[in-house]
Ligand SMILES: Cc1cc2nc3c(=O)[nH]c(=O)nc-3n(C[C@H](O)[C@H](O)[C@H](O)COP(=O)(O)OP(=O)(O)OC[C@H]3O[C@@H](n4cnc5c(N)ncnc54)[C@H](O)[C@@H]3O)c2cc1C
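In structure tokens, one chain follows: the form predicted on its own.
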């Protein structure tokens, strides 16, 4: 079945990147269609942590105050531990005037953003799966889809396409884009009930055997927690690490956690997912298409956080799409402005985080040294805090030279 309508923009994927891009396009007066293969609400395996990058975008869209009312926990700081067990707590946001991060389940976050797009009168189609992409001369001419509700074929056309179809993006596959194992993270997520000792801090624990990957505890309301761990695929394979076994061992045996999880209960199963990281740059634009979010491989290589960079990419992609349509220049050279603007915005932070990740892999004992000094020396701790991506209003002030100065 072929559709006669030619949209200005079709956004494929209704997660954070897709819904945000659609909202910006609608606000600019564009005729945009947002499609997703799922029906919302739906689960999305994730650590569920969202920081100030997403908050900034939602404030710009006028939906931040509604987001704050979702079931979740505001986050004002970080608990960090080294492989030797040294642990420190750090306040990273001004509790009176700062913008906190939040732990909100992705099922709730994604449903909120998709619903916000619909509330802005963005036309949406759920349970529409893109099965093939038709190209002609490098341009996408149509999406060959299947309506999963009816089982009928559906053809969709647009002047420009934004691919927000996730880590397993069909657009990326059609372009031959695949991250090598040293630029891919595999992670596990589990929900636990009745976890003790949580407050308004996210917890990052650098455990022996998985560094520079990490084990996390992200607090949710009512003593629930998102618990997981992740590693670079290449390192996991080379070391033969069983991530499920490592997660279960951590909560049952590690002295930092075993008492806190003594009465905890696993709520549901342990789920895995892959995270394509931004240390590997994919092709993210073409003659009439742009890739955003996980489809563009924009996950931070150190923290594993992707929603923030996804929101930035969505905003920038929408802006460039509007300019291209307004000027009649929907072509690869013009759309290249999106890629430049994106890397101007996130490139420095990604570069530093990748270098820190590599350093942690080669010299894990230095993490013990850094944390032990930070635990004893308040002035050094402040210097260390300035490196962290969660610190409001700072950023990574010293880049690689400053990172090296912490250790030598």
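Remember, predicted model here, so these are calculated numbers, not experimental data. Positions refer to the first chain, counted from 1.
There is another form of this protein, the form predicted together with this ligand, and it is not shown here; the text below is about that form.
*Asks:* Any chance all of 14, 45 and 274 sit within 4.5 Å of this ligand in the model of the complex, going by non-hydrogen atoms?
*Replies:* Each of the three qualifies.
*Asks:* Within 4.5 Å, heavy atoms only, one stretch in 243-251, 77-85, 165-173, 333-341 touches this ligand in the model of the complex. Which?
*Replies:* Careful reading of the contacts points to 165-173.
*Asks:* Quick one: does residue 304 come within 4.5 Å of this ligand in the model of the complex, counting heavy atoms only?
*Replies:* Close contact exists here: in the model of the complex, residue 304 approaches this ligand to within 4.5 Å, heavy atoms only.
*Asks:* At 4.5 Å between heavy atoms, is residue 49 in contact with this ligand in the model of the complex?
*Replies:* Residue 49 belongs to the contact set for this ligand.
*Asks:* Is residue 232 close enough to this ligand in the model of the complex to count, meaning some heavy atom within 4.5 Å?
*Replies:* Contact check for residue 232: no, nothing within 4.5 Å of this ligand in the model of the complex.
*Asks:* Quick check on residue 299: any heavy atom within 4.5 Å of this ligand in the model of the complex?
*Replies:* Heavy-atom contact with this ligand at 4.5 Å: present for residue 299.
*Asks:* Find the only residue in 38, 366, 28, 375 having a heavy atom within 4.5 Å of this ligand in the model of the complex.
*Replies:* Checked against the cut-off, the match is 38.
*Asks:* Could you work out which of 210, 201, 130, 122 is the residue within 4.5 angstroms of this ligand in the model of the complex, going by heavy atoms?
*Replies:* By the 4.5 Å criterion, the partner-contacting residue is 130.
*Asks:* Any residue of 215-249 with a heavy atom within 4.5 Å of this ligand in the model of the complex counts; write them all down in order.
*Replies:* In sequence order, 216, 218 come within 4.5 Å of the partner.
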